[in-house]
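Just one chain follows, in the form predicted alone, and it is written as structure tokens.
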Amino acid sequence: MARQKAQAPPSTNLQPRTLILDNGADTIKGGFSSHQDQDNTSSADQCHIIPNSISHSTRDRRTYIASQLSTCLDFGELAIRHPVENGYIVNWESQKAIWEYEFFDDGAKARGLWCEPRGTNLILTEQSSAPIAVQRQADEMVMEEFGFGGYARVVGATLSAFASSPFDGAALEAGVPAECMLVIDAGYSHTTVTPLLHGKVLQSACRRLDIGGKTLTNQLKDLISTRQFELQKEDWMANQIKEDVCFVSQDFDSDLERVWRGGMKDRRKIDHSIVVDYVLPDYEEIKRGFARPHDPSSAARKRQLGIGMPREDLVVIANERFSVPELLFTPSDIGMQSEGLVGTILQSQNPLPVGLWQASLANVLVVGGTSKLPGFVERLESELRSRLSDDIVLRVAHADDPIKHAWTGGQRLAQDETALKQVIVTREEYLENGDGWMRRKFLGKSGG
């Protein structure tokens, strides 16, 4: 009987380009990297921030896909739909439409984001402990629907271990992860706490606080609508107000006392250094709202009513400026039976070996768009310090660009061919071994 010829192992050759997609609930951070580039410099400038949404305007009756939103002139009552909910892609029909417009249509060439999937590797981020059904659907869309030449599905926080470290004197080569790190990602849907060891997620110690930028925006919208001006259909406007005027208080009780007034007979004076007037946009004369110092005079009230002068729509923002972000540290303010951010961080340490506590807490990295609120990092560090023993060294660093930080880590990972081969599954390997083998590799288990 003739001897069968041994079958050649599947090719592990990488595609020359790698598309890194930090696929967030609010925005996609996307751009390219290559292990073949001679100049392996890392730059957040090469990362594009793309709205991960499909929006419909009731004013101009147009639908805007992703970056088309930049052409919208009237954001009033804008209906925004996100394909990602609670950190997971739940609407692949919308996500596919967004990816096709941004990366595969002819118009993407002008934006510098076009790619041919078969000749491109894809690094796609996901949340830790994602349901298997969600992972399977993502894998099928990437390999079957789009047909990428190589693919890696990674927890977003792990890419931060490959980025340039914001800690003093810590400079690593491309493709080399930080030894130990605790990543606090204050994002759109929630805030996650992810301990990492040599770039690997310690799953048993991951924790999640179900409060993020969306929660804060909704709370601010509810407070303003109840007290002053109806904003329930104005998600875009409420989010801009939050980004423009909100901050994290370092002493909540003291700041609340400074703006509290019990009633008409209360003679306490309000501290007007905290109170601001926010002028709302009308999308005709005023394209974007803006804040200015509070004016308590009668002339200001006449402007609001349009007496003797053009009417001006504005809201007075006082304790809302800091009481809304306070939810991150005191979720019980809205009835959530949950620890605040600091308590969540301490909970994440309990499953770890005691020997890792010091290494983890000495390398706390803060990322995510919500962390850009003024005072966030300072409050986190001071409150965490107060709950730790004096013999534990605590270092908290804020990423230079907290929104793009994970993406730059993916960029540095993709610049090192050896490190990239460890995480990428090539198309040939996928066709040879199947989706089950691929998922086991993404879990760090043996592909055999």
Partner chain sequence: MALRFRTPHIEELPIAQTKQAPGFAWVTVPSAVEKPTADLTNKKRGTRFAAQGQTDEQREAHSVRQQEKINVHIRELNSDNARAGSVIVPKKEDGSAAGRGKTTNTRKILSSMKHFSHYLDDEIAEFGLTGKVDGMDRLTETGLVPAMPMMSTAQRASKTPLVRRVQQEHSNGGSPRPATPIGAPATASQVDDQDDGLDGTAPFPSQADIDALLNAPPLLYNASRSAPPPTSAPPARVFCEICGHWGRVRCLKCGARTCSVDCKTIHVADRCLKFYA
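Keep in mind that this is a model prediction, so the values were computed, not measured. Positions refer to the first chain, counted from 1.
Keep in mind that the form predicted together with the partner chain is missing from the display, and what follows is about it.
Residues within 4.5 angstroms of the partner chain in the predicted bound form, judged by any non-hydrogen atom, belong to 389-397 and to none of the other stretches in 403-411, 418-426, 389-397, 27-35. The closest heavy atom approach of residue 351 to the partner chain in the predicted bound form falls within 4.5 Å. Of the heavy atoms in residue 69, none are within 4.5 Å of the partner chain in the predicted bound form.
Residue 334 belongs to the set of residues with a heavy atom inside 4.5 Å of the partner chain in the predicted bound form. The shortest heavy atom separation between residue 218 and the partner chain in the predicted bound form is within 4.5 Å. Heavy atoms of no residue among 20, 111 and 372 are located within 4.5 Å of the partner chain in the predicted bound form. Note on the partner interface in the predicted bound form: the residue among 296, 293, 355, 119 having a heavy atom within 4.5 angstroms of the partner chain is 355.
Taking 176, 346, 270, 279 one by one, only a single residue has any non-hydrogen atom within 4.5 Å of the partner chain in the predicted bound form, and it is 346.
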